[in-house]
Structure formats: structure tokens, C-alpha cells
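Just one chain follows, in the form predicted alone, and it is written as C-alpha cells.
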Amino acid sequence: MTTRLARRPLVTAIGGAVSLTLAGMALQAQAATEISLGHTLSSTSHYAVGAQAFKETLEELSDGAFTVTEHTSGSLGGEREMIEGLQIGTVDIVITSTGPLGNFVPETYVLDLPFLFEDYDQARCVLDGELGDELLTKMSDHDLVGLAWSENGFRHMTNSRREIASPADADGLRVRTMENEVHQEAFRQMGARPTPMAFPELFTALQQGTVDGQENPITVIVATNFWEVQDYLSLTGHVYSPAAVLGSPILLDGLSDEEREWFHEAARASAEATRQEVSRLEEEGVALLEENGMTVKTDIDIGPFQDAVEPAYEIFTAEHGSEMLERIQEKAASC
């Protein structure tokens, strides 16, 4: 009896210590907020490189208070659906092309005009400056938070029918375009039949012949193995395609200023990592596509393409005005 009673304080102390440890672990686990980050490309894509940089930066800055779960290959839906998810709070962070973004933030349509930028340096110069910041800020008027401008690259045409060296070669081709009226009008002017559809549906549509071709940067063509369903690539470079790192205001508005800055810094790290991967793939991707059997047309006179899509500018300015376009052109010329 005496021995049993003497052991009781020790047992109680051990039990209390275990309880405190378990309680501490539970509180620590409870304190970590899981952030969902979605995009439509594969886990080996340039978007995935950017997503990993976002994850590493945010988790380091927050000392584990935020953990990021990446959702790839459109597992959260197409880009339009994910942007809608940001607005209602079912998705926290999205890396998206500007394709569907103009449907939510019309001010960004200007970035999708064909032949707006001459090269990467010019495009990055504009988007990293005052005008890029202004467009990001405008997103708050549409229940979105613009965190950073990332990148896809210059878009090129692929198809399963024939080599494209001039706008006439695109005549009659059913070409999947982004869900973006500016893009669609540019292809109509070339005589193609633009067919907008969500990106996750595209590979199957090409495989089944629902569409003849598509247009995307080298980064996307490589990441999606389009050589399996497309025979011809023409390096038209007809549109520079930025990407945007967007956040949900439902999440971000509830954070402190310091926490919000962590998200902005993580987005900037994501954009930088993505751009580096885009630059790498631009150098190596064409050779990879040729190795996998694609016929690549490199010596293209873009003059006829520029002339063919000129009416798209007139249609754009008639609806959205020319102020932002002129400001971008002026800034680009000085970059």
C-alpha cells in the first residue's frame, strides 16, 4: 500500500508531461494553415517550378505557420473555374495564364494583343514596372488579389495537318484558342476557325481530331507532350503570354500586413523561378520537340502575320479604349 501511494506522484507527473506534450503538438498542428495552390499544368512544368518556389518561400517566411499543397493538371478545374474558386474562397492561390483572366478583369485583355512585345526583355520590363503593378492592383476591383506577374512565354502554332509559314496556311484550321475574345479575333483574321476550350480538355480534343491545332508557348508544348498528337510546329511568336499569381481576397484580407507580405514575397519568388525555367526551355525545348518527331518551321516572316491580325487592335480599342495600350507601347519602346 505504501509503495503504491509513493509511486502515484511520479505517475501523475509523467502523465501530465505526456499530456502537455500532446497538447503542444496538437496546438502546433492546429496553428499551421494549409494553403491550396492550383494550376492546370503537369508536376514537371514551369508552373510546378514556380509553385515549388512559392511553397518553399512561404513556409520558410512563416516558420511553418502556413503549409502549401500544390494541385496540378487541373485537378481543381480549368483556369476559369479556379479563378472563380479564388473569388468564393474555395481555392487560395492560382497560377494562371491571362487567357480567361480578361473575362474577370477586362483591363488585362490588352496583354493578349498579338505582337505587343518584341522580346522577353521588353515584356518583363513592362510587367515589372509601374504599368504591371497598376494592372495587378485593378484585380482587387474584381474580387481577386494580384500578387505577381509570372510567365508562359511567346506563343507558337502547332497542328496535325500542315506546315504553317504564312497566315494563308492557317485558313480553315480548327485551332483551339484560350477563352479570350482578343485571341479568337486574331485567329479569325488569319482565316482559322478559333475553338475556345479549357486547357484540361485540349489533349483529348487533339487526339480525337475535334480540333486540328492549338497555340501555346514552348514551355506548355513540352510540358504537355503535344508531340504525341501534333506533327507541325511553327515558331510564329504571335503573342507574349504572361501568367499571373493570384490570391483569394477571402484568405488574404484576413491576414496581418506582415503575413500578406509573405504571400507577395512568395509570389515574386515563384515568378522569378518560373521565368528562369521558361528561359531554359526556350533554349532546349525546340530540339526536344524535334527529337520527338515534330517538324519545326523556324524561318517565318512575321510581317504578313502582323498585317493579318491588325484588325484585332481596332476591335480591342473600340471596346476598351487605347489609353493603356498606348502607355504599354510607349514604355516597351523605351525598355
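Each residue number is its position in the shown sequence, starting from 1. Treat the numbers as computed from the prediction; the structure is a model and nothing was measured.
The form predicted in complex with a small molecule is left out here; the points below concern that form.
None of the heavy atoms of residue 187 is located within 4.5 Å of the small molecule in the predicted complex.
Under a 4.5 angstroms non-hydrogen atom cutoff, the small molecule in the predicted complex has residue 178 among its neighbouring residues.
Although the partner is absent here, residue 79 is a contact residue: one of its heavy atoms lies within 4.5 angstroms of the small molecule in the predicted complex.
Residue contact with the small molecule in the predicted complex: residue 97 places a heavy atom within 4.5 Å of it. Three-residue candidate spot 41, 47 and 155; every residue lies within 4.5 angstroms of the small molecule in the predicted complex by at least one non-hydrogen atom.
Contact with the small molecule, judged by heavy atoms within 4.5 Å in the predicted complex, is confined among 170 to 178, 111 to 119, 228 to 236, 258 to 266 to 170 to 178. Residue in contact with the small molecule in the predicted complex (any heavy atom within 4.5 Å), chosen from 126, 86, 220, 147: 220.
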